[in-house]
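For reference, the chain that follows is the form predicted alone, supplied as structure tokens.
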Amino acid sequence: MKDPLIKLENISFSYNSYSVLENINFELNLGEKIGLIGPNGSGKTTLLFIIMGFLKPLSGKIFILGKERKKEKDFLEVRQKLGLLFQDSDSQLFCPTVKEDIAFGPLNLGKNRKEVKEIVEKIASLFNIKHLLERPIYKLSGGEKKVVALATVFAMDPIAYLLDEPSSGLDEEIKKKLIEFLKVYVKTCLIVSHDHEFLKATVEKIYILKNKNIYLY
């Protein structure tokens, strides 16, 4: 039996003296689609940030791609191979234009200019944002920023997707396209969402994070 793609062992985390997570155990295997729900402030985003190495737990162990991850350098490979969608799109978008933001990930992964151009065109077509490619990020609406942020994650073609509230701010047409994409193209994902209907349409099982721990919903 292969190692889980992501394995958290007895993870605890506090903001100053406020305990958020206590002895969390969690696994995501290749080919699994998992949803995560929970009250505001329960630690769902914190859990994603711990997986990506943006936050360091007080205690516990993090195994990703079969290796224990402790130091900042250990998470460089993680950030190349797992695609994180931030809840706040402004945290995701930092290039001058939409086209440059979508191209940033593939270029960082070593793709050549021709490959990157093809990826940008394919992703822009998929998300119906070709008309936005030359637009400055600061001129986008909140919904447009969310779609572009999603496009930047999908452009990297990660092994697994960690999506924080991916359906919030999307109109129904784009939400349907996202659901279809997740069904057809995405094999492994962890989706944090308050949208139960969206989760029912996209994942196979749902966990709930409450009272500082995680349970099957």
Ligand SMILES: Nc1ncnc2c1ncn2[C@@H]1O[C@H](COP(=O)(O)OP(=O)(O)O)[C@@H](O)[C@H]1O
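In case it trips you up, residue 1 is the first one in the sequence shown, and so on. Note that the structure is a prediction, hence the values are computed from the model and not measured.
There is also a form predicted together with the ligand; it is not shown, and the following applies to it.
> With a 4.5 Å heavy atom cut-off, would you call G43 a contact of the ligand in the model of the complex?
Replying inline: Within the cut-off, so yes.
>> Since only the chain is shown here, I'm wondering whether V20 would be in contact with the ligand in the model of the complex (any heavy atom pair within 4.5 Å).
In response: V20 belongs to the contact set for the ligand.
>> Whether T97 contacts the ligand in the model of the complex should be assessed with a 4.5 Å heavy atom distance threshold; does it?
In response: T97: no contact with the ligand in the model of the complex.
> Might Q92 be said to contact the ligand in the model of the complex, defining contact as any heavy atom within 4.5 Å?
Replying inline: Q92: no contact with the ligand in the model of the complex.
> Taking F86, G105 and T188 together, does each of them reach the ligand in the model of the complex with some heavy atom inside 4.5 Å?
Replying inline: No, the whole trio is out of contact, none within 4.5 Å by any heavy atom.
> If contact means any heavy atom within 4.5 Å, which of 43 to 51, 174 to 182, 61 to 69, 155 to 163 contacts the ligand in the model of the complex?
Replying inline: Careful reading of the contacts points to 43 to 51.
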